[in-house]
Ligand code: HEC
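Given as structure tokens, the chain that follows is alone and in the form predicted on its own.
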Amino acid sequence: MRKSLTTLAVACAAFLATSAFGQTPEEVKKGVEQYREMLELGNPAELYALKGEALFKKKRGPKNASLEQCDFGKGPGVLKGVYAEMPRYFADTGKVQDLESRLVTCMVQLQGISEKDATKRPFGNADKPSENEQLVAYIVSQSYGDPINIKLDNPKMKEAYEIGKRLFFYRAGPWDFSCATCHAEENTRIRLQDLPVLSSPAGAKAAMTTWPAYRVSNSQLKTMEWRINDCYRQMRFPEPNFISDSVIALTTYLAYTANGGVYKGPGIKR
């Protein structure tokens, strides 16, 4: 399936690249939309979710326990709709957490796995996906069709939102880039990839309702933590640590801006 999807993606991309010459922006946009529709015919993210479900229910660690009693904000064991309301504040840790940081908390508390082991391989590759990616795929799939609903009903949530907003517009690095450098102007793209204005509700919804996502170009499912990490890499910033406060704050800002959007992930990207 991966090989066939990659071949399809390459063929479609080549067709669009050659046919774009002489076309109006509207015609090019229509072609890109057709390309995306082709990709959505089959999404290997489902395979990640199936493996993630088995891993979620498997007893592991020094405590020989599963993750089935993990509380993602709606009570132990409840997964329906939880991703659509994250990041959120958790009283037991006193922190604002995204999905991946909360998974680490549950691995440590429920399974007795050390934080070092729980965070040692957050991102996989085509040959060996990470367990984190599989677990994320399973959990986010349980929020499909739910509206994003991030609440700033706690001082730490408000603080995370404000920090995330500042980080989004903060310019630095050798190229003097910020997130807004690529995501603050309408109707722009890199190759076939649209660059939504993430500081606007419409743009934020387009992004936050489809990530995490399976990337056809490298045959891997990628999480939101990875997406932000890779953006920093491309801006030539130092890459943030996995589940760092800065990544969670930026995710809080983007997710809150996307409030009301209907979650449709895991998505599929070129």
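In case it trips you up, residue 1 is the first one in the sequence shown, and so on. Owing to the predicted nature of the structure, the values given are computational and were not obtained by experimental measurement.
As for the form predicted in complex with this ligand, it is not shown, yet the points below apply to it.
**Q** Run the contact test on 182, 227 and 250 with a 4.5 Å heavy atom cut-off to this ligand in the model of the complex and return yes or no.
**A** Every listed residue reaches this ligand in the model of the complex, so yes.
**Q** Of the residues 129, 122, 196, 73, which one places a heavy atom within 4.5 Å of this ligand in the model of the complex?
**A** Exactly one listed residue reaches within 4.5 Å, namely 196.
**Q** Look at the stretches 149 to 157, 100 to 108, 74 to 82, 173 to 181 and give the one with heavy atoms within 4.5 Å of this ligand in the model of the complex.
**A** Of the options given, it is 173 to 181.
**Q** Is residue 241 close to this ligand in the model of the complex, meaning a heavy atom pair under 4.5 Å apart or at it?
**A** Contact check for residue 241: no, nothing within 4.5 Å of this ligand in the model of the complex.
**Q** May I ask you to state whether residue 215 is within 4.5 Å of this ligand in the model of the complex, using heavy atom distances?
**A** Result yes; residue 215 sits at the interface with this ligand in the model of the complex.
**Q** Can you check whether residue 69 is within 4.5 Å of this ligand in the model of the complex, heavy atom basis?
**A** Answer no; every heavy atom of residue 69 is more than 4.5 Å from this ligand in the model of the complex.
**Q** When the contact criterion is heavy atoms within 4.5 Å, does residue 56 count as touching this ligand in the model of the complex?
**A** Although this ligand is absent here, residue 56 would stay clear of it in the model of the complex, with no heavy atoms inside 4.5 Å.
**Q** At a 4.5 angstroms cut-off on non-hydrogen atoms, which residues of 207 to 237 are near this ligand in the model of the complex? List them in order.
**A** Residues within 4.5 Å: 207, 211, 215, 224, 227, 228, 231, 232, 234, 235.
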